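Given next, in structure tokens, is a single chain: the form predicted alone.
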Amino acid sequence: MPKLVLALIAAVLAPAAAGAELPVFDAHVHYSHDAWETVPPKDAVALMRKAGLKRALVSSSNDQGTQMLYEAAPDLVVPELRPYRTRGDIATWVRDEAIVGYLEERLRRYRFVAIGEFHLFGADADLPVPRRMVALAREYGLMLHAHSDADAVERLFAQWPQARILWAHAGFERPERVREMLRKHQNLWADLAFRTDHAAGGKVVPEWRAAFLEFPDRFMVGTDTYVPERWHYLPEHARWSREWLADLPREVAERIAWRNGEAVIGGAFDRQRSPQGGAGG
């Protein structure tokens, strides 16, 4: 009888224990200028390792933060290029022609896997500066990491049908709408950064469970350290992610936790060659 009881207890606890062991690929991390002094690179790396991150997709305003963090931990950091020199560019970049020169200069010097995360909505996607950004992504074979509504995502695909787009925050759309977009676009992935609607009390809500089971290879987790204070939440966010992921089948949980990020983002970066004469590693 004691052995039977122990076996039953082990069976009940197994999913949670398995979830606690999951590595995490964080697909939405920023290390911008306002974080450098309060969270120096060595402290940022320590927080990433404490969170048990396998790797993280990192961007910054400006790109210096990404390069500092990549230099400090090339095993952890996968760099992407944000089209912002300061946080203030968020509201103006789509009409600022100087952004194009900034992107071109950074792309010549360093190695990236994506351009983003950028904020782009509706018809603004068809303005000259965003169109040039898309052209540069195409030229360099980079993903687009879009904080966008569904309309802008559609416009990006219209410009470049073969684009690979990571939809930040899954567009803050309803799970049913996210599923519609994923059905329509095979090269669309979604990060879940800064969302809490997909899980409650450690359980995945039914609408999101249906989305995860239909598209287990198209979702990734993310923290979104958009302000310095959120760096200190990296370990807690990873713990919470493992908690709700443990409510999914193990294979699906592994895909969302790290395998999708590693295959789609990490693998693409690893396959690149360093630019001739580039300053980046």
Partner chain sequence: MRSGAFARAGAPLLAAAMLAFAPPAGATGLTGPEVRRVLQHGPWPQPVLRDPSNRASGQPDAIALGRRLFFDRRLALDGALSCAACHVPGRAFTDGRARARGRALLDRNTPSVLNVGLARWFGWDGAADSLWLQSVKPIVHPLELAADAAHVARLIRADPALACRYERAFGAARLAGADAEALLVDAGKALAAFLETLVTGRTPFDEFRDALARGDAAAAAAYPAAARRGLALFVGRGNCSFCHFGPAFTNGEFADVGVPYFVAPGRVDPGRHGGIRQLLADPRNLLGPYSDDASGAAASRTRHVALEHRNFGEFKVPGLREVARTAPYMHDGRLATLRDVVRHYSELDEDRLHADGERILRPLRLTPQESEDLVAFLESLSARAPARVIPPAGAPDECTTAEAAR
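The shown structure was predicted, so the numbers you read here are calculated from the model rather than taken from an experiment. Positions refer to the first chain, counted from 1.
Form predicted together with the partner chain: not shown, discussed below.
Only one of 153-161, 168-176, 132-140, 97-105 lies within 4.5 Å of the partner chain in the predicted complex by heavy atoms, and it is 168-176. Y233 belongs to the set of residues with a heavy atom inside 4.5 Å of the partner chain in the predicted complex. Proximity of H185 to the partner chain in the predicted complex: non-hydrogen atoms within 4.5 Å are absent; the residue sits far from the partner. Though the partner is left out of this view, W240 does reach within 4.5 Å of the partner chain in the predicted complex, counting heavy atoms only. For R109, no non-hydrogen atom is located within 4.5 Å of the partner chain in the predicted complex, even though that partner is not displayed.
For the candidate set L213, M68, A46, V227, a heavy atom within 4.5 Å of the partner chain in the predicted complex is found for exactly one residue, namely V227. Contacts between 62-88 and the partner chain, taken as any heavy atom within 4.5 Å in the predicted complex, involve R87, G88.
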